[in-house]
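In what follows, one protein chain appears twice in different forms, each by itself as structure tokens: structure 1 and structure 2.
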Structure 1
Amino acid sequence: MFCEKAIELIRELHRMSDGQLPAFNEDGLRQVLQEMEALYDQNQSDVNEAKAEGRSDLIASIKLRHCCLLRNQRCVTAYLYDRLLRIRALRWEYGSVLPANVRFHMCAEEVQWFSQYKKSLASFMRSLGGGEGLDITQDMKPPKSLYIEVRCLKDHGEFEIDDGTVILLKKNSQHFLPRWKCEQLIRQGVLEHVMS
């Protein structure tokens, strides 16, 4: 039936919870585009036949196929736009480096879009704060204290804070660090906030 493959793309996104990115369904998208091409070709031949022979009985089927074309177009656009919104949210959640399992679910064009978005956001943040820049991805919620206790979940190596102190982040070590320096590493899964 018409539009079923396009609706399945939307259902696939709906089944995933917010914040998750399903694998890019290239086959499903290709099938929808092939269906649209077939509908368009059939409409073109029917329009030409209706004009040449004056067949008004074809108008209903032409309108039906045109509505299906528009519906498929809306579904494909919604599918791609929703994926871009999810990818944009991942930039704010994980930072400028996405985990490999997330990148695996993206197509080449989405990786390119993410790279451009990352550059645009970085350029905007550099323009803030009187030439010094301001990282607006930090402190997504107002902090209760400026320092937090964190536990290292995996070996990360040396980590330098603003006063020049270098800290070695080894697995299972605990540290009392500035919140704004840790948030990115917490989102990446290197550190975890220790609640006392």
Structure 2
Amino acid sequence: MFCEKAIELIRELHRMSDGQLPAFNEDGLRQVLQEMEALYDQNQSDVNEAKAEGRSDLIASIKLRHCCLLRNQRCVTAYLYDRLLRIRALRWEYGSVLPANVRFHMCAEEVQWFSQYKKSLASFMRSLGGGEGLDITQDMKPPKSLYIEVRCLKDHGEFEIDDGTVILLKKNSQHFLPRWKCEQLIRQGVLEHVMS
């Protein structure tokens, strides 16, 4: 059946609906493109034949193949676009350096797109605040207090905060630290915000 491969690609993304990025399915994409090429070639030859011999019974199959081609195109662009959206969300979640396992799942073009997105986001942030720059990826929700209480979930070693003091993050110790320093570590899962 036509367009099965394209649906496979979409299903793969749909399975990981929580925003995770699966590996780039180069194989699947190539198969879809090959199918599209095959359909296009068949259509081309049928169109020529229909024109030359005036066979109007080929028009239906030409139309069918054309619809399949359009469907494949739509699926592939949806796949690529959804991946780009997920990669964009990663910048907001992880910061500008992505963990190695996530980068492994991106293809070369996506990596390039990511670095360009990073650049434009950085230049935008620099232009805010009257030329001083403002990091808008911090404080995604309005903060209630300057300092928050965090609990350490795994051993992370030493951690330096703005005034130069170093804190030892050992498992099951609790700390009362400035909010902006903790957000990164909370997202990474090293610290947990304790609400009492």
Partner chain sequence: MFITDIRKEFYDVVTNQRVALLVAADIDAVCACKILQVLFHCDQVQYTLVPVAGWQDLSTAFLEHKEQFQYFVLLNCGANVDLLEMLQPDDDSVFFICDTHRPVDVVNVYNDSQIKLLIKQDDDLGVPSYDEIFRDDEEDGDSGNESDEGSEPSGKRRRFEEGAVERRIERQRAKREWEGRRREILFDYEQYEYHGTSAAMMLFELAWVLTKDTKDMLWWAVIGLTDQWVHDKITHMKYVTDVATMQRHVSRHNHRNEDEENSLSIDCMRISFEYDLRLTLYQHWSLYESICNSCYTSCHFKLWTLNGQKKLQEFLADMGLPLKQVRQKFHSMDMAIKGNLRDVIEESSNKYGMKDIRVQTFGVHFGFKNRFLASDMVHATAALLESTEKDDSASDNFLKALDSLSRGNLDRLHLGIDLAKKKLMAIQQTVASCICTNLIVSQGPFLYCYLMEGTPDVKLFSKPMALILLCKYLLKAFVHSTRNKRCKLLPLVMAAPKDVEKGSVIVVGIPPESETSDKKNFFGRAFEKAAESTSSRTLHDHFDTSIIELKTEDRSKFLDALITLLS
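A quick note: this is a predicted structure, and the numbers were derived from the prediction, not measured. Each residue is numbered by where it sits in the sequence of structure 1, with counting from 1. Take the two forms, superpose them, and find the largest set of C-alpha atoms that agree within 1.5 Å; that set is the rigid core.
The form predicted on its own corresponds to structure 1, not structure 2. With the core superposed, residue 27 shows a C-alpha displacement below 2 Å between structure 1 and structure 2. Residue displacement note: residue 13 has its CA displaced by under 2 Å between structure 1 and structure 2 (rigid core superposed). Core-superposed comparison between structure 1 and structure 2: CA of residue 153 displaced by 2 Å or more. Lined up on the core, residue 184 has its CA atom moved by 3.0 Å between structure 1 and structure 2.
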